[in-house]
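Shown next as structure tokens: one chain only, the form predicted alone.
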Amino acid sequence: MKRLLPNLLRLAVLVILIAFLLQPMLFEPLLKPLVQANAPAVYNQGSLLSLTLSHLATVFTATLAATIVAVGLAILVTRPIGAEFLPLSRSLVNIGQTFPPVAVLALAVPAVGFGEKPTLIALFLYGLLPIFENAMTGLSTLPPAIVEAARGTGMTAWQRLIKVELPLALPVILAGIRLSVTISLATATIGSTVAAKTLGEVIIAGLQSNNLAFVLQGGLVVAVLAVLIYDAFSAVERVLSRRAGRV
């Protein structure tokens, strides 16, 4: 019963979100009190569903690239041959945290132009650190007995990595990806300042026209997506952690 109620609540929120994205005009009566007379209560400068899908695609692409690079670096520095590269790797993944997202966009636009590319670069750099740190922690804190048992069965280093180390470290790696995705979902909104198709368009349109309903729509959709995706990753992590515990 303890788990049923939160799950039902999440399902209800998901259904409401889908309904709002597909038929936003159904929610106009709720938003009308937030706007001035004759001002539109529902975002009317584009499709909310299209912007949401574009927003998610941008976050997914940047997170996938960050995961590949960060996990690759973590694997390298947790091998004897790559241990000396740990300080350099940490410096590289910290680059994204050194500059604010707006500064990264400003530096990227002259190089790659307006649109999705500057946003992808900013999200990629911001997503490296949590994934790298978690991947390195997961790979460097494996139970020694299991690793030795795998070595004793005659597994090669590559086989141990693929069949033993990465599966055991996966829950910790997913925790880093979860954090990265959550950060990126919010950060991606500023991509609209450089013409990226994200939910930031709705928020910016609301700020420019002093329309609180627009700002609320953009902000709530991003917030609900972040909570639902965060919870989904957490559920997967719990399942993987239980499986790893039975190894």
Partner chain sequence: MRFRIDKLGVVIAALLAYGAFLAPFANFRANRIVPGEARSIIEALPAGLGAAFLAFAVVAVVLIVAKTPTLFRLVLGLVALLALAILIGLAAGHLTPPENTYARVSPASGFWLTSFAFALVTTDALARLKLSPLARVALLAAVAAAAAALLMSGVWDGLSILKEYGSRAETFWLEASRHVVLALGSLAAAVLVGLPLGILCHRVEALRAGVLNVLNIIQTIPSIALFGLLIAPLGWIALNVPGAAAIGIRGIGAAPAFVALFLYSLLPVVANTVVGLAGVPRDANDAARGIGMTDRQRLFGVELPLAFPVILTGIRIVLVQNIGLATIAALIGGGGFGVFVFQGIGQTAMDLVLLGAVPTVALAFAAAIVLDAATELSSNKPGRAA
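Numbering follows the first chain given and starts at 1. Quantities reported herein were computed from a predicted structural model and do not represent experimental measurements. We call the rigid core whatever largest set of C-alpha positions still superposes within 1.5 Å between the two forms.
Omitted here: the form predicted together with the partner chain. The next part is about that form.
Peer 1: For a quick test of understanding: in the predicted complex, does each of Ile81, Leu107 and Ile190 have a heavy atom within 4.5 Å of the partner chain?
Peer 2: The answer is yes: all three residues contact the partner (heavy atom, 4.5 Å cut-off).
Peer 1: So if I measure heavy atom distances to the partner chain in the predicted complex, which of the stretches 97-105, 130-138, 67-75, 115-123 falls within 4.5 Å?
Peer 2: It is the stretch 97-105.
Peer 1: So which of Ala62, Val194, Ala41, Leu51 reaches within 4.5 angstroms of the partner chain in the predicted complex, heavy atom to heavy atom?
Peer 2: Here the answer is residue option Val194.
Peer 1: Classify Ala223 as contacting or not contacting the partner chain in the predicted complex by the rule of any non-hydrogen atom within 4.5 angstroms, answering yes or no.
Peer 2: Within the cut-off, so yes.
Peer 1: If we define contact as a non-hydrogen atom of the residue within 4.5 angstroms of the partner, is Ala19 a contact of the partner chain in the predicted complex?
Peer 2: Ala19: no, not in contact with the partner chain in the predicted complex.
Peer 1: Is Ile204 close enough to touch the partner chain in the predicted complex, meaning at least one heavy atom pair within 4.5 Å?
Peer 2: Judged by the heavy-atom cut-off of 4.5 Å, Ile204 is in contact with the partner chain in the predicted complex.
Peer 1: Does the 4.5 Å heavy atom contact test between Ser209 and the partner chain in the predicted complex come out positive?
Peer 2: Looking in the predicted complex, residue contacts with the partner chain do not include Ser209, since no heavy atom lies within 4.5 Å.
Peer 1: For Val71, state whether the C-alpha moves by 2 Å or more between the shown form and the other one after rigid core superposition.
Peer 2: The answer is no, as the C-alpha of Val71 shifts between the shown form and the other one by less than 2 Å after core alignment.
Peer 1: Would you say Gly82 moves its Cα by 2 Å or more between the shown form and the other one, aligning on the core?
Peer 2: No: Gly82 shifts by under 2 Å between the shown form and the other one.
Peer 1: Take the rigid core as the frame of reference and indicate whether the C-alpha of Val93 shifts by 2 Å or more between the shown form and the other one.
Peer 2: Yes; that C-alpha moves by at least 2 Å between the shown form and the other one.
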